[in-house]
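The chain below stands alone, shown as structure tokens; this is the form predicted on its own.
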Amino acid sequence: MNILTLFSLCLTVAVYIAARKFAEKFPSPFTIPLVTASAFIIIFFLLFDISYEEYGTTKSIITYMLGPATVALAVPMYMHREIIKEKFWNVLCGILIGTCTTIFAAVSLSKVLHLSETIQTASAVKAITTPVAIDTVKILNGDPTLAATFVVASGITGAITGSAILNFFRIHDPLARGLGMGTVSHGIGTSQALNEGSLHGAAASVAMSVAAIMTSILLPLVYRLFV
């Protein structure tokens, strides 16, 4: 690990911790740590002329750690396991419908706009967590970097607008709100759901995990039917 990689890694961690503190002091969908931390890092690198390629090793390390971080979301799931078990079939059907709808909407919109197959492939995995999206898009011969970009954009959009949309449609049940956020906005939406409550976060964790499994299995089988 060279000095630049070590510096970039320490900077990223420090900035993210600061962003979390900022979000706690000024809670808002627009102060989501990922948004503010990413904006700061981008501006910092532009000012000091550090290229994305030079940041590549740090990115790989952080991406690798996404796996263990995702597993940690099992804690709220375990805490509310009885409620989730009681409504198992409702939960499963909701996630399945949400997953299929997300895939269909993403690919259909890409086709209507006459976007390239590369963009269609990347957009199809936008609703699942980054580690799974990267591996799934490779099966479809897609671009992992573009897929990761869509995943982050989808997560940020869902985290910012998700609560407002659910409120607009008068969806106030914690389980339903969590399932919606987790299905379409994966880890970023799940972190936002956790801010609403423990059950919200548990439901979002379940949705994120199950949606990732469903997408990784279904998408390679049915994707060619869309294109």
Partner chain sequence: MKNAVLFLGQILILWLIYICSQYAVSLLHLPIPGSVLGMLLLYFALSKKIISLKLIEKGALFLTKHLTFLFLPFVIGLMSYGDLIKASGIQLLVMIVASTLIGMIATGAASQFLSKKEREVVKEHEHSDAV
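Residue numbers count along the first chain shown, from 1. Just so we're on the same page, rigid core means the largest C-alpha set that superposes within 1.5 Å between forms. Owing to the predicted nature of the structure, the values given are computational and were not obtained by experimental measurement.
Another form, the form predicted together with its partner chain, is not on view; read the next lines as being about it.
Under a 4.5 angstroms non-hydrogen atom cutoff, its partner chain in the predicted bound form lacks Glu117 among its neighbouring residues. Among residues of the shown chain, Thr190 is not one whose heavy atoms approach its partner chain to within 4.5 Å in the predicted bound form. Though the partner is left out of this view, Ala202 does not reach within 4.5 Å of its partner chain in the predicted bound form, counting heavy atoms only. A residue is said to contact a partner when one of its heavy atoms sits within 4.5 Å of a partner heavy atom; Tyr64 meets this definition for its partner chain in the predicted bound form.
Residues of 143-170 placing a heavy atom within 4.5 Å of its partner chain in the predicted bound form, in sequence order: Asp143, Pro144, Thr145, Leu146, Ala148, Thr149, Phe150, Val152, Ala153, Ser154, Thr157, Gly158, Thr161, Gly162, Ile165, Leu166, Phe169, Arg170.
Residue displacement note: Val210 has its CA displaced by under 2 Å between this form and the one not shown (rigid core superposed). After superposition on the rigid core, the Cα atom of Gly197 is displaced by less than 2 Å between this form and the one not shown. Relative to the superposed core, Val35 undergoes a C-alpha shift of no less than 2 Å between this form and the one not shown. In the predicted bound form, the CA atoms of Gly187 and Leu9 move apart by 3 angstroms or more relative to this form. Relative to this form, the distance between the C-alpha atoms of Ala159 and Tyr16 is increased by at least 3 angstroms in the predicted bound form.
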